[in-house]
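Consider the single chain below, provided in structure tokens and representing the form predicted alone.
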Amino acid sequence: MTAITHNENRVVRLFFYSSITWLLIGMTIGLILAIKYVWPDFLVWGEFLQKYLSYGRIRPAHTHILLFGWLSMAYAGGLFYIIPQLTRKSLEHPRLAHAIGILWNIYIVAALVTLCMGYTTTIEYAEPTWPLDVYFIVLVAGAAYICFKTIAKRNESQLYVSLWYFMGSLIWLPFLYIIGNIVTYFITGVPQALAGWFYGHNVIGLWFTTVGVGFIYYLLPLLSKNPLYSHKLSLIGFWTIATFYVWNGPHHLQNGPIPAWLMKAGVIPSVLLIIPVWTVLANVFGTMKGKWHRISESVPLKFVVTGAIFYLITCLQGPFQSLMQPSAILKFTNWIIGHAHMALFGAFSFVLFALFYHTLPSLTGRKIYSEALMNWHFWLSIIGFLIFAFTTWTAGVMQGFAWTEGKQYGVPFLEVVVSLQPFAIARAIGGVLMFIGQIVFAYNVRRSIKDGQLLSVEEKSTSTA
């Protein structure tokens, strides 16, 4: 491991602090959406608010800001921090990386404004228009170039498993983004739907999942003070996820207008994904052996292990939902909302919270301002999310069976919507707790930068590890 340089520090802080800002903005919009389920006229006072904050416009703004403003900016900051640590080589082109950080923020602002103005492609997770897509692809290519050049010039002979996951993700993301955001402009109908879900599913599995797993493999040995249980298992996991994940897109069109053989072809690799999931969880539990007591002593470790468990549950739900019969009940219901939030909030946002708390002392030269606030952040996030998840899952099952009984039209449809109001209220309450948790997180980070206790010389030397 190597000490972080001034230029690397400047780059990582830009990405990390920006991502926290987008986390708060994205969750504010998400909270507005949750309240609209209970009170549809919320924030529709006057023509301006009614037009620009309508559900159809701010819903894609919510997902895009959290996927590419919060998670992806934090991921890029994490890559720029961890890769020099694992390669014992300072980051290549730090000024370019800093410029990419500024341009990335401009991209998110432009995407937010245009989506609220109603400019959208309507393709899930690929809603911004093509000029913004081209702009973003250039940014991702620039970030990938910096990371690969740093790895190529590394001073560490061993290629740690986290680097395998990072390199795979940096290769896959630009190609996926081009297919989902550019290729879909030139095709229509069923081929467009297939290309859209090829991107929509794989951007989760081959960017958000693979970088998140790389972070788990980096953080777990450091926080548990145990070596990684099995390097061989981690590589089996990498190659199986690279082999099976890319074929899963068709299961999003289950019972839809695609050939039956293609639906079934999408199910098989979905079920086989249990192999890479098992390798990650076997490594997590193997590494934690004899160190479980450390969870009570370390909030970052608590976040990592909880995130890994949510990752397991997400990946058990996924293959189940990909089967034709469960899909016929659960698709187009609240269940899917709970499932999506578990992967992106419960699993990989939790891993990022651990990464922030772990790296912040080495970035600022100060300790985390308050351990109590870290615990408050953890408990508000997990309690809020569990309320949110179980209400959406329950409401989704009720919705699904109602639709199969023919209640998706007319008065019966309205009766189902009214019967789900208690679940919508509980979902909003869960969302409020999750949002308060992130306010606590941002406040603790802000106070740590300004008022955190200075690290001693010995603590500074051990913080970069």
Partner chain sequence: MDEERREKKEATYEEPLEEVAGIRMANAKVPRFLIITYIVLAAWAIGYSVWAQPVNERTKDTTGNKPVNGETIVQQHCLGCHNLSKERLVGPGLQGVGQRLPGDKLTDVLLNGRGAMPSLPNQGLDNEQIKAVEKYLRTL
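Residue numbers count along the first chain shown, from 1. Quick caveat, the model's predicted, so the values are computed rather than measured.
Quick note: we don't show the form predicted in complex with the partner chain, though the next part is all about it.
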| item | value |
| --- | --- |
| is_contact(K149, the partner chain) in the model of the complex, heavy atom dist at most 4.5 Å | no |
| Exercise: W45 in contact with the partner chain in the model of the complex, heavy atom 4.5 Å | no |
| 4.5 Å heavy atom contact, L86 to the partner chain in the model of the complex | yes |
| Contact of Q50 with the partner chain in the model of the complex (heavy atom, 4.5 Å) | no |
| Partner-facing stretch of 93-101, 196-204, 364-372, 320-328, counted where any non-hydrogen atom is within 4.5 angstroms of the partner chain in the model of the complex | 320-328 |
| Heavy atom within 4.5 Å of the partner chain in the model of the complex - the one residue of N226, Q192, T129, T394 that qualifies | N226 |
| In the model of the complex, the residue from W239, W292, F332, F186 that sits within 4.5 Å of the partner chain by heavy atoms | F332 |
| Contact set, 367-391 vs the partner chain in the model of the complex - heavy atom within 4.5 angstroms | none |
